[in-house]
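Quick heads-up: it's one chain on its own, the form predicted on its own, in structure tokens.
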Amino acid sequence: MTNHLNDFEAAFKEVQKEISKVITSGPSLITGYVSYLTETTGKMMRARAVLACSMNDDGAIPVDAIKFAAAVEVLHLATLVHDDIMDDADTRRGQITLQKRAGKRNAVICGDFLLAAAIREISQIADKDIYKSFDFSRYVQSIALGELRQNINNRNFRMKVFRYLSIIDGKTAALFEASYHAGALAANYDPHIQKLYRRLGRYTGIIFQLTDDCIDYENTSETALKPVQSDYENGVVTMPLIHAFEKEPDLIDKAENNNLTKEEVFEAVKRNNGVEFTHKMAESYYKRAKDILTQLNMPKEKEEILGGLLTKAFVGLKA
């Protein structure tokens, strides 16, 4: 492989191969559990973001971006394995989850192995100066803190908007920011431009999570490819519900005393336009992200890819 790839889709196929290699090249004891994950990688928005951000003006993608993209996606898989354990989820993306297949204890260990594999993949970046300047551990810490904050705030029906935004800033946005940062580093952009890419990634992640929050109130399990209409029953508080409770605080006491049914929650969210409120908040971040795309003044192909990822985050399953 040369130092650059001149075709985005060819580079993306190399990332898919690299992810498969990372997942299946461990000890057979582990791969027996995790090898099926090579079939559940989804749309790989974060990997696409790494590749797109790394493209130069001629559309060439540095080879180091392949390993960055693979590492980010494997880390993402590790977080999903752990998420499914905490949520006691049976399915994800239409597939049986690892914790359902292998049990929670084995799933925890496999998730830890995938995290270690992602870190090892980053360490194999050819340009060691780029590797050293990418603080992967800081992003891992942000994700862990975001997950911990969400868990601590389980059934916190008095949570405010700013607190929830701080949770998703780590839980979801940090990994998107890491993806965009990695691509900008691979492209060797100066620190100011890197900062813009990082902010673009962060906003995209926040938009993605806010849109995802609405799925529980808008979709069926068949269209979402995961359990829906279950957040409230699991004590998970998201933006549509926060808005409904702020509009009708009397409902909070009922929820805390287990006297508020799922049906009443859905009616309250609908009555107070919780989904519409959440989409409007996502739209405000979408406009900020579009402004950054304009500031970066990038080549057409690159702008189309990153703009497409941004739109996909904003419109969700309708994309």
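So that there is no doubt, residue numbering starts at 1 and follows the sequence shown. Here the structure is a predicted model, which is why all the values come from computation and not from measurement.
This next part talks about the form predicted in complex with a further copy of the same chain, which is not shown.
Can you tell me whether residue 112 touches a further copy of the same chain? I mean in the predicted bound form, with a 4.5 angstroms heavy atom cut-off.
Residue-level check for residue 112: yes, a contact with a further copy of the same chain.
Is it the case that residue 30, even though its partner is missing from this view, gets within 4.5 Å of a further copy of the same chain in the predicted bound form, heavy atoms only?
Although a further copy of the same chain is absent here, residue 30 would touch it in the predicted bound form, with heavy atoms inside 4.5 Å.
Using heavy atoms and a 4.5 Å limit, would one call residue 119 a contact residue for a further copy of the same chain in the predicted bound form?
Answer yes; at least one heavy atom of residue 119 falls within 4.5 Å of a further copy of the same chain in the predicted bound form.
Using the partner position in the predicted bound form, report whether residue 92 sits within 4.5 Å of a further copy of the same chain, counting heavy atoms only.
No, residue 92 is distant from the partner.
Okay, which stretch from 148-156, 243-251, 209-217, 185-193 lines a further copy of the same chain in the predicted bound form, with non-hydrogen atoms inside 4.5 Å?
Single hit among the candidates: 148-156.
Though the partner is not shown here, which residues of 87-102 have a heavy atom within 4.5 Å of a further copy of the same chain in the predicted bound form?
Stretch hits: a single one, 87.
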